[in-house]
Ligand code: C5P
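One chain follows as structure tokens, the form predicted alone.
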């Protein structure tokens, strides 16, 4: 009953922890996120293991630097054959445009599928109070939409945004634009360090294409049962 719209976050400390979780989830989950915590410890081995298990991979490293550095970094990472990778939209239009062009050119030369490239808008851990403390006066949702439109103009395949902004992004960016949403919490789950959250059903109804879920599954007494409950909710939605 796996559904590629569900991406389970492998925010764990070691290969052993990752392997244990993937084995527990079995055929219930087909798509995984490898972020900084795991990648900086295990590197390419984490992705190799997931490929062996025929899993799809979102490599979540959030690159943010000058245009050429980000583009060349993504080209190097493309050798790991992740299905999706990301950058920070705050890096600007030229950074995103250069990344898209160079990665697609590199994939063509290497005869490999080009990964989907998405841009992080505003982290879902940032609340309205934190946003104001950072010196911004406009609403978070307005800035998220501005960055999403900039990413689309640059040729990115989609964005990472909170489920609360998914509906306005979908309305403005069209039906083929990916909206990957962290900050997903099933009813009754702990909020943890997230601020702008929604349930799986609400996120999908708002226009999300993918739901990134970590602790509600990973920290559950029975991770497989927790994942399957979320999949049932997604199916109903």
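Please read all numbers here as calculations on a predicted model, not as lab measurements. Residue numbers count along the first chain shown, from 1.
Omitted here: the form predicted in complex with this ligand. The next part is about that form.
With the partner omitted from this view, the residue of 41, 62, 51, 205 that lies near this ligand in the predicted bound form is 62 [heavy atom within 4.5 Å]. This ligand in the predicted bound form comes within 4.5 Å of a heavy atom belonging to residue 215.
Under a 4.5 angstroms non-hydrogen atom cutoff, this ligand in the predicted bound form has residue 120 among its neighbouring residues. For residue 185, a non-hydrogen atom is located within 4.5 Å of this ligand in the predicted bound form, even though that partner is not displayed. Mapping the unseen interface onto this chain, residue 227 falls outside it, with no heavy atom inside 4.5 Å of this ligand in the predicted bound form.
Contact check for 9, 33 and 160: all three have a heavy atom within 4.5 Å of this ligand in the predicted bound form. In short, of 42 to 50, 22 to 30, 205 to 213, 168 to 176 it is 205 to 213 that has heavy atoms within 4.5 Å of this ligand in the predicted bound form. Residues of 12 to 27 include none with a non-hydrogen atom no more than 4.5 angstroms from this ligand in the predicted bound form.
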